[in-house]
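Only one chain is included here, represented as C-alpha cells and corresponding to the form predicted on its own.
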Amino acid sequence: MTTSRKEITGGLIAVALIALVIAWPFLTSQYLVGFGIFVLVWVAYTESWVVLSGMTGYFSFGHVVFAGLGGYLMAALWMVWPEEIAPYGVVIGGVRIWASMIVAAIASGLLALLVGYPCLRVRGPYFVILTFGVAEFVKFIVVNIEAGMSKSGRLMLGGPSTEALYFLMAALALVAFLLAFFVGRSRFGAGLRAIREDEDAAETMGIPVTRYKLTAFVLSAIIPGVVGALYVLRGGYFEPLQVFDPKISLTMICMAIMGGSDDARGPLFGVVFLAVLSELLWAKFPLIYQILIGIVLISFVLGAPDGIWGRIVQSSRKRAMNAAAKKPGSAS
C-alpha cells in the first residue's frame, strides 16, 4: 500500500513538472524563457553524463567534446542544408536544423565508439586525464581547421525562435532523463553498477564488462552532441574555444554530485539548485560568485556526498523505519 501511494505521488509530481515545463514560455518573460533553456540544457547534459559516469564510476572529464562536436557540425553545415521549412517547421525548426541534429547525433556516437574502447581500458584518474586529453585534442583539431580556412568564428543567422529552441531543449532533456531512468532500472543498469562496485568481480560473474561500458559511453555521448548542436544557435555565433570549454564538463560533474549521480532524479535537483544559485550569486556578487560556488561544492562533497537526492532518500527511509518501529507489536 505504501509503495502504491509513493508511485501515485511520484506520478503526480512528474505530471505537474511536465505541465510546468510546457507552460513556462507562456507564463514568464523572455528572460526567464532563456533561463529555462539554460536549465534544460544542463539537465540533458548531466543526465547523459550519469548514464556513463554515475553508474559505472568512470568519471568522464571530456564529455564537452561531444557537445563541442555537435556545435561545430551545426555551424559548418548551417548554410549547406536547404532553407525550406519542414511540416510544422514554424514551431520546431526547418530542414537544416533537423538534418544537422541527426548528423551531430551520429557523429557523437561514432566518436564515442572510436575513442571509447581505448579510453575505457584505464580506470580512475587515468580515465579522467585521458578523456580530458581527448576533448582538448579534438578542440585543437577544430581550431586548426578553422584557422586553415581563415575563420575565427562563424555567424549563424536565421536560427529558431527562443520559444522553438526552448521546446526542442525540453524534448531533449526529457529523452535524457528517460534514458537515465530506464537504464538505471534495467538489467543493463544493474550490470553498470556492478562494474562500479567491483569490475573484476563483475567480469567473473559473467557480465560483459567491455560491451556494457562501451554501450554506456556511446549512449551518454549522443544527446550532448545534439544539445551542443542546438545550443550554438542560441547565441547565433560559433567559437571553438567557447563550445569546447572544459568548464562545461566540470559543471556537469558538479551538478551530478550536488544532486546525487546514481539516480536519474538526482541530477534534476543538482541542476536546478546550481543554476538558480549561480543566477542569484552572479546578480548580487558578480566579482566573487564563482568563489562562492566553489565553497558550496566543497561543502556538498564533505557534508553530503550522496547529494540532495541521496539525503531525501535517507530521510524517507528513516521516517519509514521510525513509523514501523512505533506500530504496536513491531518490537519483538
Partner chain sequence: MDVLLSGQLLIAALVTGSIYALVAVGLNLIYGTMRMLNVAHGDLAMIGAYVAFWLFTLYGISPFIALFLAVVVTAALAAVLYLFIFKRVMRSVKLLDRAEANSLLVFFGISVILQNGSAYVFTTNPRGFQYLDQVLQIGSAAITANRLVTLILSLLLVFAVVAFFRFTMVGLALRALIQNRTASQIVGINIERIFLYSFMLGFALSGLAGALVSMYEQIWPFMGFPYTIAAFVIIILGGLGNLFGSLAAGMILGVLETFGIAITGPNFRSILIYGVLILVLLLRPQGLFGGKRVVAR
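Numbering follows the first chain given and starts at 1. Here the structure is a predicted model, which is why all the values come from computation and not from measurement. We call the rigid core whatever largest set of C-alpha positions still superposes within 1.5 Å between the two forms.
Below, we refer to the form predicted together with the partner chain, which is not included among the displayed structures.
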Tell me, which of Gly158, Pro118, Gly153, Gly235 has a heavy atom within 4.5 angstroms of the partner chain in the model of the complex? Pro118
Please tell me which of Asn144, Gln242, Thr204, Ser186 lies within 4.5 Å of the partner chain in the model of the complex, judged by heavy atoms. Asn144
Verify the contact flag for Gln290: yes if a non-hydrogen atom of it lies within 4.5 Å of a non-hydrogen atom of the partner chain in the model of the complex, no if not. yes
Within 4.5 Å, heavy atoms only: does Gly294 come near the partner chain in the model of the complex? yes
Would Phe182 sit within 4.5 Å of the partner chain in the model of the complex, counting heavy atoms only? no
Heavy atoms within 4.5 Å of the partner chain in the model of the complex: does Leu174 have any? no
Exactly one stretch in 55-63, 38-46, 25-33, 265-273 has heavy atoms within 4.5 Å of the partner chain in the model of the complex; which is it? 55-63
Is any part of 121-141 within 4.5 angstroms of the partner chain in the model of the complex by a non-hydrogen atom, and which residues would that be? Arg121, Val122, Arg123, Pro125, Tyr126, Val128, Ile129, Leu130, Phe132, Gly133, Val134, Glu136, Phe137, Phe140, Ile141
Superpose the two forms on their rigid core, then report whether the C-alpha of Leu27 is displaced by 2 angstroms or more between the shown form and the other one. no
